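This document starts with one chain, in the form predicted on its own, laid out as structure tokens.
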Amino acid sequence: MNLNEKVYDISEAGSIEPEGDRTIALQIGPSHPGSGHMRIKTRMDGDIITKVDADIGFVHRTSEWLSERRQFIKAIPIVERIMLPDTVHANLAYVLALEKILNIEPPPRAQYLRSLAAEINRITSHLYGIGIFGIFLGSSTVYMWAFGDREPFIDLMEMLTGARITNSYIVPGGVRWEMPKGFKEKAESTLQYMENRFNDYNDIWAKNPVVEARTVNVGVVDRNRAISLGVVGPNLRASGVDYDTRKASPYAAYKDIDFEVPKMNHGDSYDRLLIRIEEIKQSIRIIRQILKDMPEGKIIADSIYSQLNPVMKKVFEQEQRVMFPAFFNQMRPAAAESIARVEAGRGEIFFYLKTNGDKYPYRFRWVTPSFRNLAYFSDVAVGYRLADLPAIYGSIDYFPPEADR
């Protein structure tokens, strides 16, 4: 059978027009087939997948439209809510693009604090993905472990930023809060706890013969195919491509940090699991360096500090907390455009921002890693059995609201 031939025409749910007697159409979802809502329209020859159509849009958040109708500072909470497991990176990518237009350079300490928050968030994002992958493969134990092990890191984020998930920690010119007393000690105990858990994950998950049987050589994408499909993040590196935005185009404090970019060679579902574990190990390494080498100084740029009134300056000096000056609500950047790239938990975020002198962005455009990895999912599942679909989908760590930005 020619897998490229048109076997079904599915334009709406329930509208299925067979054109042959060997194939059937199977619709999965949109009632929460995994992490979020998406309808997966598959075409089957027996139990062999001949086509996958990932039908997105069920949780569209209109982040771009809303942000173009908000003052610049008020767009920060909007971008975070599209990427709830990975909010810091969305926050950071937008602020980096805005800072280029405003010509603001955060001080070194703020840069380190940004990277600190980003790496803690990377760990929580990967543990989220590992837990969801566990559910896809029928392991409620791994799901409970991973989500339970997220909690100490979420507690760290709350201690650092004042919020558990939607932190809104990074602002133009720096960060909102100074690192609190006792944070280093709490962070080190949390890192040691996670390191002690790796052997447990290895025994019950990574080296589990059932997991290996369901993921090894399943959903294979080689290096060249991954590049041509535009795959990003851990999925790209699992196919052997040595690319990470933190190395290729350093931002925040990454130019001063020594770390490795893990990569695998086979590009299968198993490698996409292992690489996230390896990235957690590297994030632990980065966090320790940041806490050890963090420079002294302000957490906000001088150009922002100078705009604070005497009361705000007093609050800042006493509490190391930034209260926004009025110009953040009143600013009207001159006509300009900028881009920013950030390596988030699921891959590279690309931001494009254009201003025209108004108090709102003229064009607010961003591309999320889950959206870019969607073509990857639609391509990689073809030729495998229907029973392999959960393993392939789970290994990609796709987050539908992130694609439905």
Partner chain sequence: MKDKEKRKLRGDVEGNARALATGFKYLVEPNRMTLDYPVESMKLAPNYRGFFTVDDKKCIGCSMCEMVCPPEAITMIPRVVSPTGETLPVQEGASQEAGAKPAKKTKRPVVNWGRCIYCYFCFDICPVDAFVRSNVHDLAYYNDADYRPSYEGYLKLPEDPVKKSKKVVPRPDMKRGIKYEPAP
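Residue numbers count along the first chain shown, from 1. Predicted model, so just to flag it, every value in this text is computed and none were measured.
There is another form of the same protein, the form predicted in complex with its partner chain; it is not shown, and what comes next is about it.
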Is Tyr112 part of the interface with its partner chain in the predicted bound form - any heavy atom within 4.5 Å? no
Would Asp200 count as a contact of its partner chain in the predicted bound form, using a 4.5 angstroms cut-off between non-hydrogen atoms? yes
Does its partner chain come within 4.5 Å of any heavy atom of Ser306 in the predicted bound form? no
Going by a heavy atom distance of 4.5 Å, is Phe259 a contact of its partner chain in the predicted bound form? no
Just one of 289-297, 276-284, 328-336, 114-122 has heavy atoms within 4.5 Å of its partner chain in the predicted bound form; which? 328-336
Taking only heavy atoms into account, state which residues of 265-288 are within 4.5 Å of its partner chain in the predicted bound form, ordered by sequence. His266, Asp268, Tyr270, Asp271
